[in-house]
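This document opens with one chain alone, in structure tokens, the form predicted on its own.
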């Protein structure tokens, strides 16, 4: 084992749906046989993962009897115990069944909204039974192809009512659980409601129990919209709302690719890991590091586990590179904040005396504008650290 080989201490997790992906796409049939949840647990443990996450339907097939459910869950729990894995997060599939063709919590038909709540209650119970402390909501069908079908404000109200209902039900049951909302701009609907992490963060402030709701940003989803994933995660961290994170890779302007972490845009991947690890001096994220990605369609079973190991190794390599970058004295000098014992106190909180002193400051804007900030050198140093030559 070398320093980049993953271990359980790294907090890396995968979903049953990620390594279990059969390679099927809209234009082709599966290229790999289904891997059972029990097999996935064993192989993830062998690869050095910490945990496994799941949708309700990933583990318990829809339509299973109570006895069948109990037998499946018992076997899965045994596999977890045998291999030392945990279930940090669970979620619910409210997008595959045809009943959700017009959405789940936002659907126009109240019967559909009731079914969505029923299904989510069962998924929450399953997650809690398996030890999950985080429950993610991805509204894959919460959107539209034509806004003529409903007022978008109505959709937001319905989403709020559903989450408030589920928060109250979860509290009433005494479950130790937090909710994390996952944004996406489009696909499979033409437009999805609450399409970015920023939208979700504001929406959370309108809920009845905002303290138990955070976000689960995904690299691909923010990148699809052409946004900086690093900035979205930073906003969530600053708001103390980063409850979970989905790591993968994505090219701007493409369909949701869910590529191996770090396989596209290494610069952004590096900056993301630097942010999460807190090597630049910020607070470190200490929650699960979940890879919501899947192997190329070209791969057989062996390739799936190579993909899984690759996700984890790339993260660890980037974390080492981030530590080296932030330990570099020249880097530290270039990003050192300029401080003024005169000006800084005037900017920290308003008061009338401060306003008077601020207005009286003599600032040479032309001279200040001519100062070079040496960000070209800083960026080059980052690239050299990323390439391993410094």
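Numbering follows the first chain given and starts at 1. Model, not experiment: these values are computed from the prediction.
The form predicted together with a small molecule exists for this protein as well; it is not shown, and the discussion that follows is about that form.
- The chain is drawn here without the small molecule; in the model of the complex, the stretch among 150-158, 313-321, 100-108, 87-95 whose residues come within 4.5 Å of it by any heavy atom is 87-95.
- In the model of the complex, residue 256 approaches the small molecule with a heavy atom inside 4.5 Å.
- Using a 4.5 angstroms threshold between heavy atoms, residue 218 counts as touching the small molecule in the model of the complex.
- At a distance threshold of 4.5 angstroms between non-hydrogen atoms, residue 222 is out of contact with the small molecule in the model of the complex.
- Not displayed here, the small molecule is kept clear of residue 43 by more than 4.5 Å at the level of heavy atoms in the model of the complex.
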